[in-house]
Ligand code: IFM
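Below you will find one chain, with nothing else, as structure tokens; this is the form predicted on its own, and questions on how it binds or moves follow later.
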Amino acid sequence: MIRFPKDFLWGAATASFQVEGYVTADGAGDTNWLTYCREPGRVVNDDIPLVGASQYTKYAEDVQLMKSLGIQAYRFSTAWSRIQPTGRGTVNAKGLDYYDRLVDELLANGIEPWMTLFHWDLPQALEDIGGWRNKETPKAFGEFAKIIAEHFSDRVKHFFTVNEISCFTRIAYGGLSKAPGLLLPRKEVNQAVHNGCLAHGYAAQALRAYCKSPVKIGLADNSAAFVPALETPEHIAATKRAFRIENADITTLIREGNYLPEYLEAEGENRPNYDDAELAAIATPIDFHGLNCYSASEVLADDSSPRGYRILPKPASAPRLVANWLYLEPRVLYWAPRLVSELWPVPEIYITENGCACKDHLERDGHVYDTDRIEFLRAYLAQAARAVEDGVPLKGYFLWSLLDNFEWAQGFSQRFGMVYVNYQTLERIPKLSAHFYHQLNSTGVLP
């Protein structure tokens, strides 16, 4: 029997652009993701989440659904452009009103709101001046965080600054699959990554300064994850080195407040521009570390390598699910939190995203029997329980995702939800995995 502690937090997660729909309603401004979706060929089937899962209109129903499934905490993100249509200046009262209604509905039903300030959807007006390449953007984000702190901290007690810096910077400006989908020189990409870290720092500072009551602050981090190919002392030590060095420009920078010599040497003239004040802001202390964990690479100790480790390539036959990037590696839910806790002690670690897309379909009886997702969750959560048993300060888990939704460049072609969404009728149908999750969070025993 695999059992979790009674105080282990069971949550679900979503993001504004993926679930809300009505992305320009009630005075909201355009975003870089809306611009990206409007460019033919960027998104599968040229999908645009103009309605999508429509949590903007169905939030109260979704809260009742969460309550019925025993979900204790809901991690959602604010759409910056709903609250500040151009990313700066005038506040749109109707945008704040929406999140007021959502927060109040959650609290009225005994569900803790865990608010993420930014999950990729940048106001287009800021993208027009360079987006994350321009240091004005992290400054503007600090101003946005002040608005959030002053307005919501009487009710919201847990804040994430940003979600997955590497995705909205490195991939967005050095790849094609994330908005704005640019292929820029390495130095510009590195500057965007640095500025994303700076946004986290400025937001953390603003939350510390302007929240009206005690809150906890963290980030949702998708560190490059590693597990030892063999769980022996030398390979475990090599894996820890790999985690620190391979995440030098984001996770390690945020937790240590400086760039590693290995990073600066490797980047040379391509290193970003920064000063000591920026490094100090980036290193603003956090209260918890959120980890978005899906897959991992295996590591071996290698004395012939200058860094003492070798990252193994994925075999051609390595198992994957529907999303071609999601290689099955359940041990990531053990090793990622353990390595973070050993490298940079923090009192609380949370798995802030974990889940998978499956080829879900409604059967004739009106149900979705996603046993493949249940097997995924069972394997991964067993490793989370192992981490807790070994004394890792893993305090909770947020399943990705509550609902089927807009899966970025994959549009509506992939379903990550434990709740099926009929995009024509907007009906919500809990899948078998939702009942599995309810059984888990109500008993603390892995079913």
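Just so we're clear, the structure is a prediction, and the values are computed from it rather than from any experiment. Residue indices: 1-based, along the sequence shown.
As for the form predicted in complex with the named molecule, it is not shown, yet the points below apply to it.
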With the partner left out here, check for me: in the predicted complex, does some heavy atom of Trp120 sit within 4.5 Å of the named molecule?
yes
Tyr36, heavy atom within 4.5 angstroms of the named molecule in the predicted complex
no
Contact of Glu164 with the named molecule in the predicted complex (heavy atom, 4.5 Å):
yes
Is there any non-hydrogen atom of Phe76 lying within 4.5 Å of the named molecule in the predicted complex?
no
Per contact check vs the named molecule in the predicted complex (non-hydrogen atom within 4.5 angstroms), the hit among 265-273, 309-317, 112-120, 237-245 is 112-120
Candidate from Phe144, Trp335, Tyr99, Tyr294 lying within 4.5 Å of the named molecule in the predicted complex - any heavy atom:
Tyr294
The unique member of Asp221, Glu329, Glu353, Asp360 whose heavy atoms fall within 4.5 Å of the named molecule in the predicted complex:
Glu353
Scan 135-155 and note down the residues that get a heavy atom within 4.5 Å of the named molecule in the predicted complex; none is a fine answer too.
none
